[in-house]
Ligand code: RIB
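Only one chain is shown below, in structure tokens, and it's the form predicted on its own.
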Amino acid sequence: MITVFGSINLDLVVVVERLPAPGETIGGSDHQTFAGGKGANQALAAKKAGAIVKMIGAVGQDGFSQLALANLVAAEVDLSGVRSLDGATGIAMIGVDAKGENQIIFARGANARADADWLKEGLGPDDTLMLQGEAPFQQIAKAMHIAKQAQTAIFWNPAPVPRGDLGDCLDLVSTLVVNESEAAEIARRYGLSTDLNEFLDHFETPSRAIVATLGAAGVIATKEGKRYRFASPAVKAVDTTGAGDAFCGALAAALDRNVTFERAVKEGVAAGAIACTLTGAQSSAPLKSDIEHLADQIV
């Protein structure tokens, strides 16, 4: 089973011809709302990829909370660990340009009060704990220690990269997933170059796998001294907003059902590619059957 401790948001999306420069206003013809938050996105993606998933997090007592949880309810993700707190549900404001690239500003809302103690007595040695970077970093670190005591595998996608010393968390992680900018930020803090091979060499350990996503160029990954490089299948990108979360959800789901690491990475790449062909983070998360079909074609 996968337990996700992370953010639950409502995304407000505007499609524009191009993304604005600092201080510039760019208009779009309409806007859309989508359930979001990296925690909820990855929980839904893992569920649609075939895993049993429980979500731990918080929403506010406002009009956005039911919208933010609607897709998780429909997918039958276990929401018994989601708390309804005074105040506002988290939101993300997203601009998407004609090429599918995006800019995101988010407000944590109730996510800022998510507490890792809600995880106690809910994890076991056959489980996976999925974490991102939108929950308070102190609670992310606490969640990892709780998982470590429960002998639970820890899957971390530090997006965005939290401020502060990452060393303690990195020591506990079983699978670390970063994109190029996140890898560069972590490398800078450790005095490394931005070369991804150097990043993988530095952070891989016998108990930790590292995966770096490269957008349309695919992925580079390492586990137990073996290096993997897979190109992304060619697709017509409409919106890249949910690609990283779809990748993480599919990768975690595959690892949770004990497929090989190589196959799990291919399923992550397939899920990320499919997600780029649809608008929205959660609405673009692909089904297990579609992921497996495309993953079969990745070499």
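All residue numbers refer to positions in the sequence shown, first residue = 1. Since we're looking at a predicted model, the values are computed, not measured.
Unshown form predicted together with this ligand; subsequent notes refer to it.
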Q: Have a look at 104, 98, 73, 112 for me and say which one sits with a heavy atom within 4.5 Å of this ligand in the predicted complex.
A: 104
(Q) Counting any non-hydrogen atom inside 4.5 Å, which residue from 129, 178, 94, 77 sits next to this ligand in the predicted complex? (A) 94
Q.
I'd like to know whether residue 268 contacts this ligand in the predicted complex, with contact meaning heavy atoms within 4.5 angstroms.
A. no
Q) Does this ligand come within 4.5 Å of any heavy atom of residue 37 in the predicted complex? A) yes
Q: Indicate whether residue 281 is a 4.5 Å heavy atom neighbour of this ligand in the predicted complex.
A: yes
Q) Would residue 242 show up as a contact with this ligand in the predicted complex if we use heavy atoms at 4.5 Å? A) yes
Q. Can you say which of 226 to 234, 52 to 60, 38 to 46, 268 to 276 gets within 4.5 Å of this ligand in the predicted complex, counting heavy atoms only?
A. 38 to 46
Q | Contact set, 1 to 32 vs this ligand in the predicted complex - heavy atom within 4.5 angstroms | A | 9, 11
